[in-house]
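Quick setup: one chain, the form predicted on its own, written in structure tokens, and binding and motion questions come after.
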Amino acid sequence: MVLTETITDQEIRLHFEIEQFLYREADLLDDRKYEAWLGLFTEDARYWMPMRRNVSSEELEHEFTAERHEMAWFDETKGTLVDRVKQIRTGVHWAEEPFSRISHVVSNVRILEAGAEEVRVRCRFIVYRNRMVEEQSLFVGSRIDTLRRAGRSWQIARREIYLDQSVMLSKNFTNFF
């Protein structure tokens, strides 16, 4: 099969710009530069991770908990993200003292919709966390981000996080996606 879709230089530039933004964001998280990471979010940002259910093939529309009507792993605003970072920075946060070592891998970046001021982007991620000596966690899934133009860069206006796991085997859930 041969793909015949012509991609413009402008589309290539936009895709590269979005990828670089997402890679820079991952680096900020891995380097524990949480305050700079928070600066990547709009003031009205939403950070949402529904829970995943094991459902039959006839019920796939109910695989994830419903937004605003059912429980979610995260349903946060920029304000609650700021509060989480402050809590981690206290030095007495039991789940992050000492800090976990975390690596974010972002791949399969695809632009779903592109407007003049907003872009919807889908990507896959792997987040590896090592804590203390033997504790390890691996989170795999996809994200859909709505990015809003902010001068020459972007800000995250909405993040939807869809984990492949339906059961959390991790002892705590303090990391960011």
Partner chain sequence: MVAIDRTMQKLVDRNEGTVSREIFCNQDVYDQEMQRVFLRSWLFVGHESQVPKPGDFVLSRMGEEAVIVTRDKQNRVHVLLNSCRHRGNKLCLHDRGKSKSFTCSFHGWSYDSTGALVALPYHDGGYSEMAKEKWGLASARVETFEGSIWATWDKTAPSFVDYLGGSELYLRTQLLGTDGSEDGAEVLGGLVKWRLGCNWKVPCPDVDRSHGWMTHKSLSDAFGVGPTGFPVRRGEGGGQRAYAGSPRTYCVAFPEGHTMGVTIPSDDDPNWGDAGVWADKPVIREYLREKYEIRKRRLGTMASLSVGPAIFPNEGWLGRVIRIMHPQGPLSTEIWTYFFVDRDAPQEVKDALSFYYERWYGPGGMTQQDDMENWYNLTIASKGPMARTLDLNYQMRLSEPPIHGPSRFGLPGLFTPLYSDENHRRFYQRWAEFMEAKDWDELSVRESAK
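The structure displayed is predicted, hence computed values, not measured ones. Numbering follows the first chain given and starts at 1.
One more form of this protein should be noted, the form predicted together with its partner chain, which is absent from this view; the next part is about it.
*Asks:* Could you spot which one of 111, 55, 150, 140 gets a heavy atom to within 4.5 Å of its partner chain in the model of the complex?
*Replies:* Flagged contact: 55.
*Asks:* Heavy atom to heavy atom, is residue 51 within 4.5 Å of its partner chain in the model of the complex?
*Replies:* Looking in the model of the complex, residue contacts with its partner chain include residue 51, since a heavy atom lies within 4.5 Å.
*Asks:* Give a yes or no for residue 101: in the model of the complex, does one of its heavy atoms lie within 4.5 Å of a heavy atom belonging to its partner chain?
*Replies:* No.
*Asks:* Using heavy atoms and a 4.5 Å limit, would one call residue 135 a contact residue for its partner chain in the model of the complex?
*Replies:* Looking in the model of the complex, residue contacts with its partner chain include residue 135, since a heavy atom lies within 4.5 Å.
*Asks:* Could you tell me if residue 107 has a non-hydrogen atom within 4.5 Å of its partner chain in the model of the complex?
*Replies:* No, residue 107 is distant from the partner.
*Asks:* So which stretch, 112 to 120, 22 to 30, 127 to 135, 142 to 150, is the one near its partner chain in the model of the complex (non-hydrogen atoms, 4.5 Å)?
*Replies:* Selected range: 127 to 135.
*Asks:* If you look in the model of the complex, which residues in 43 to 74 sit within 4.5 Å of its partner chain (heavy atoms)?
*Replies:* Heavy-atom contacts within 4.5 Å come from 51, 53, 54, 55, 56, 59, 62, 65, 68, 69, 70, 71, 72, 73, 74.
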